[in-house]
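Next up: just one chain, as structure tokens, the form predicted on its own.
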């Protein structure tokens, strides 16, 4: 709805630029005392042969005010516009109520497909806190793009290929127990894997046995395949429980092994184009002209590498889904890998290589440093979630001992806090996870947003039979700085969703939700909502309801639930 005002303003500005470009240049003003929207005149200086200050002053004298645009000012090279603020607030709140739970949705992605490769757990390995960022960011982008009308394909590119599975079968047949593995899950599989490496130096025959079993896996040997599928089932049964708690879903589980028989054609194409050269017995693509080391595709022993399988996977995904973009939500340590195989695909003549995007992110650690692997142990994501939920339960019990469904609310708060910790800042930043900080009900956290949403619900409950669709309010009661700032932030939500998608940055939504929650609490302190003046009360209740609607919707896009009461 705020974009409607940009269109109105753009139509009033007479400059040598297309109106669409003028509209794109118009920005919201953060200081409400200076106006509501501003048009910067600096870009026009060369076109109009005048200073930006002079251009702004000229335009200020030319623009005609009306019932929508009530005042125009030239300020230091900007043309500032004051709109009818009562009308603006009515428009924003009406838009929220018209959309309800789909506020911020659009059809901008209609007919377009986006593939998102994220989380991508390894079979026989723990789902640890290092997987938090890729899982949280990928899932949020999945929900954001879906809200914008895209056909989204969530891909869990399982780590299910390699010689380690020959080692796992060897260890399992020597020391494993199926019932124990089913009961203990990945913990038992990892114990066997560690034992193999402990025994291997003194028993070199284990290495040969492992190689032999891996060859059997590749050739489809029934026993090898059955054991491999058993390991996969045990691993996925465990991680699926975590995905369910985190509200994460996938549409494809095709992992590395799926592409094992799909690498020959891409390699043949690269050879045909003269891109593959031999280097010390290995086959590589020379990327030195592009400032990168060679991309290794086939090792001297004939085995493939990650880049080979990723190239095959990208080609298969393009053929299968005809994606408009394919995102890879992977840590920044893999920057070179993605630059290399993207470039190889480009050199091979695939023009869609430009549509492959590495969505990089920083690393996660805990305050005590226990994120680092120690003697084969890692910090399990399940343990982090469980601890966060337990601490949330303690806080909730202290704050509201009579709250019903405390366990359910604690789960929503604890899980939300863990997810939000990976989504609150720019994704490229490293994260030091702190239970006390992420569960702070007064800080810039998920519990703070959830608590604000619950406060809105409580106010609405106290209003009794209030229904936004059946009341009329006196919007003049909203014409004050606190309410204006809050409603403007609510009105910025649809654009924030689009910006989060275009920049692959869910933290844009996180930051706006914090701003809305803070603005609401300032509004709540400054203005009594429940009052004897029913018309004023109804107007303020509509602001409260709009706030709750947007906070809940924003949290949903981040994969976080909003408890009705806290």
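Residue numbers count along the first chain shown, from 1. Every value quoted in this text rests on a predicted model; they were computed, and no experiment measured them.
Omitted here: the form predicted in complex with a small molecule. The next part is about that form.
**Student:** Looking at heavy atoms inside 4.5 Å, which stretch does the small molecule contact in the predicted bound form, given the options 324-332, 162-170, 88-96, 291-299?
**Tutor:** Result of the contact check: 324-332.
**Student:** With the small molecule left out of view, choose which of 120, 452, 421, 412 has a non-hydrogen atom within 4.5 angstroms of it in the predicted bound form.
**Tutor:** Only one option qualifies, and that one is 120.
**Student:** Can you work out which of 466, 435, 350, 338 has a heavy atom no more than 4.5 Å from the small molecule in the predicted bound form?
**Tutor:** When the small molecule is considered in the predicted bound form, the option within 4.5 Å is 338.
**Student:** Against the small molecule in the predicted bound form, would residue 316 count as a contact residue? Criterion: heavy atoms within 4.5 Å.
**Tutor:** No, residue 316 stays farther than 4.5 Å from the small molecule in the predicted bound form.
**Student:** Is the gap between residue 143 and the small molecule in the predicted bound form 4.5 Å or less for some heavy atom pair?
**Tutor:** No, residue 143 sits far enough from the small molecule in the predicted bound form that none of its heavy atoms falls within 4.5 Å.
**Student:** Is residue 253 part of the interface with the small molecule in the predicted bound form - any heavy atom within 4.5 Å?
**Tutor:** Contact check for residue 253: no, nothing within 4.5 Å of the small molecule in the predicted bound form.
**Student:** Is there a non-hydrogen atom of residue 427 within 4.5 angstroms of a non-hydrogen atom of the small molecule in the predicted bound form?
**Tutor:** Because no heavy atom of residue 427 falls inside 4.5 Å of the small molecule in the predicted bound form, the answer is no.
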